[in-house]
Ligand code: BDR
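Form predicted on its own, single chain, as structure tokens, below.
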Amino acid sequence: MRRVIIDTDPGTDDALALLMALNCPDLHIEGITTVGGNATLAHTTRNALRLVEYVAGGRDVLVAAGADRPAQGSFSFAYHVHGTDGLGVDLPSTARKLHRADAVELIRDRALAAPGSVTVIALGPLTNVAAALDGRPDVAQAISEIVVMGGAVEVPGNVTPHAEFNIYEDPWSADAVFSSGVSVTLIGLDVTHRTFMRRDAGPQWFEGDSRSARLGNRILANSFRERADVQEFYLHDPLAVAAAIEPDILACRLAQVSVVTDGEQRGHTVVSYGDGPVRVALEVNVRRAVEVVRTLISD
């Protein structure tokens, strides 16, 4: 069983990724930490709490709130993609409370409590993760791996020609994480744009009548309804969770990675292949990746 912390900004595809992780018997969730990005921190945190309650019920899953702004400036948000409140569908309210510690403390505490065995799956801007590593070589050494959904290496970006959203939102923190020395798997648009569900495969993208399947189908149906010109729902964040469960679905190359922080190319991930701490995903077993996503949400 792999011990994971999921740092996230739900977000429609984040929500699917959380459904997968909460249903997966091979993952032990040490905590879920929230960050602004797709929506405000208030919305992403509320969405995370409600998603955990909806799927996990009485299970003790820690949720901690993190950064409401990047290392510099402010988040730009993506409500035009993710819908009202960042999710686009209503979930029942919950009395579930946030963990007493904030996101940075939770990441540090969980990593140091089990050195070498905790993986951080980062699905949003890397603000919390960079802050947890800042000035703490003991934390960097304790984290086994950081699986990052972000970047556009050999393909165009999705917010500018040069940059993918998560990296663009906080390029300073992304650059700090990539240069931290921690082992990173970078799962960017090079592979996530090949991994999707099509509009014409619905309305039952996920099989069965489980709470997760019903919610997953609602999220996709609403997303396609709100964006009539879109034919594919990209499985950005679900692919990161799938790769944490089955790393062999990706083919990667080792590299040194840095991030442009200013100017026209802000958020551009600059890669130098060879020896380095970052495994850059360049190929994906699409059939298997989609199967993992469907199976865990249909469960």
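Numbering starts at 1 and follows the sequence shown. Predicted model, so just to flag it, every value in this text is computed and none were measured.
FYI, the form predicted together with beta-D-ribofuranose (BDR) isn't displayed, but the following is about it.
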Checklist line | 4.5 angstroms heavy atom contact with beta-D-ribofuranose (BDR) in the predicted complex for residue 149 | finding: yes
Item checked: Contact flag, residue 212 vs beta-D-ribofuranose (BDR) in the predicted complex, heavy atom cut 4.5 Å -> no
Check: residue 143 near beta-D-ribofuranose (BDR) in the predicted complex, any heavy atom under 4.5 Å?
Finding: no
Notebook entry, point to check: Wondering, does residue 123 line up within 4.5 Å of beta-D-ribofuranose (BDR) in the predicted complex on heavy atoms?
Noted result: yes
Check: So which of 220, 139, 176, 189 reaches within 4.5 angstroms of beta-D-ribofuranose (BDR) in the predicted complex, heavy atom to heavy atom?
Finding: 189
Note to self: Looking at heavy atoms inside 4.5 Å, which stretch does beta-D-ribofuranose (BDR) contact in the predicted complex, given the options 163-171, 91-99, 67-75, 202-210?
What the structure shows: 163-171
Check: Considering only 1-40, what residues come within 4.5 Å of beta-D-ribofuranose (BDR) in the predicted complex, judged by heavy atoms?
Finding: 9, 13, 14, 38
